[in-house]
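Just one chain is shown here, as structure tokens, and it is the form predicted on its own.
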């Protein structure tokens, strides 16, 4: 650690993702059981159990939550980041100002940050990183950078970004993977050799098993406590629980079998965190083709789902019904669960009126714990309302991403969307896998982005209500933040509010 004056800017934060169960619209990656090797018991090593392993390490070209979960804030850093409470904090920018017309941001940057390849971080790298989103990134999230007009490196430590129009959302997006800073000389092998300014580097990747991050000896800021962190991936939630019980891992990043939580709550060797995430478990409906193009079929689906019974059955009662694509930690959250209260007879009536009764719906779900657990419940509830449902489990990520996410070859699916404030990403693009196409909805999102903060909240609430009333999907529940760790692990977040499993605030007492 070379610069103690950076201490105040690297206070403890840990924003976990939901086990990345998810996609990218989810996540990317295959998973595998951990082996029974004994962990290093020294105080500066940590092993964390997770669910979805990245398919590669390049989130600029591979959609999903698994890659930023592992790398963001740890290997890569941003100009700004989110703390545990969801508030924006400086990272590689020490401060920033916004012009009176709300279009030009001027950032003052740290003077001494270096990339892991030895190159200094300057405003030219920040300019390169922002412009590269539009020129070289391929994932759909890149469109969130379209509002940028020009980027200017005023000096090595001053950056000016001018937007085409005022945007409430842009600076927030700079806390996500879109705002990751890259070295101009370090983007040649991003899929296997990420280069960032963060406190960790990728030391080893055992494909199908684990990723080990090593603390940088030459890190420019405050050293994190752990010198080595291994992210160990499990297909089987029971195997992950057993790994914690036997000491193979020290922490479960996101509990995938909530019904097993009591065994840890009653054991003084462990601490359990129960909080909230921004991960919406969505019963996705294909608005663009097949029977789900018919709004009465979509409405019938929503009336047919008993959300309380579903959460009690498949997720042990943990999880919050929300009614639309907004998490309670967002300022424009509103409880919309009463838009479509459980009503089986109403569901039957709408299905008959739709003219689609008798057609078999394809419920195609990924092989992820929450999806497989809840898929059978959804199928049963829909069949009780008169639907015919064929349930297919698709290997995740490859088969699900190809079939559902890329080709939209499905009628219904179940996936957890964990990206923060992702209502626009999931429903604002008619080419996205949900195929939702509503100009009024998109207009509301635009008004929210251009307006005052008060107007942003008003229009975002209108957009969420419109989305719910259109029955563009059914929101099964909001994933809880359920973490379990050895009792000596400190810095665990109550709420998971970013894409990152931020390791920099974790410690051991």
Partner chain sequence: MSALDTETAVKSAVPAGRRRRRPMTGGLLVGGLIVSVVLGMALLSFVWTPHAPTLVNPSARLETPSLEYWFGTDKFGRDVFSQILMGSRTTLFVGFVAVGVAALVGVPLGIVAGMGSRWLGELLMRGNDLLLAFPALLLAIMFAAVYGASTLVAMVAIGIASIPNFARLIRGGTLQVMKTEYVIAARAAGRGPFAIGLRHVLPNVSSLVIVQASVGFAIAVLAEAALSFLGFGTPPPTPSWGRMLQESQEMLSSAPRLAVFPGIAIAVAVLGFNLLGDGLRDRFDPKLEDRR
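Source: prediction; values computed, not measured. Numbering follows the first chain given and starts at 1.
Only in words, not in the display: the form predicted in complex with its partner chain, which the text now covers.
*Asks:* Within 4.5 Å, heavy atoms only, one stretch in 384-392, 174-182, 93-101, 346-354 touches its partner chain in the predicted complex. Which?
*Replies:* This holds for exactly one stretch, 384-392.
*Asks:* Could you tell me which one of 131, 259, 223, 169 places a heavy atom within 4.5 Å of its partner chain in the predicted complex?
*Replies:* Contact residue from the list: 259.
*Asks:* Please identify the residue among 89, 438, 334, 263 with any heavy atom within 4.5 Å of its partner chain in the predicted complex.
*Replies:* That would be 263.
*Asks:* Could you tell me if residue 379 has a non-hydrogen atom within 4.5 Å of its partner chain in the predicted complex?
*Replies:* Residue 379: contacts its partner chain in the predicted complex.
*Asks:* Is residue 309 one of the residues lying within 4.5 Å of its partner chain in the predicted complex, judged by heavy atom distances?
*Replies:* Close contact exists here: in the predicted complex, residue 309 approaches its partner chain to within 4.5 Å, heavy atoms only.
*Asks:* Would residue 313 show up as a contact with its partner chain in the predicted complex if we use heavy atoms at 4.5 Å?
*Replies:* Because a heavy atom of residue 313 falls inside 4.5 Å of its partner chain in the predicted complex, the answer is yes.
*Asks:* Applying a 4.5 Å heavy atom distance criterion, does residue 372 contact its partner chain in the predicted complex?
*Replies:* Within the cut-off, so yes.
*Asks:* Hey, which residues along 237-253 are within 4.5 angstroms of its partner chain in the predicted complex, non-hydrogen atoms only?
*Replies:* Read in sequence order, the lone residue that approaches its partner chain (within 4.5 Å, in the predicted complex) is 238.
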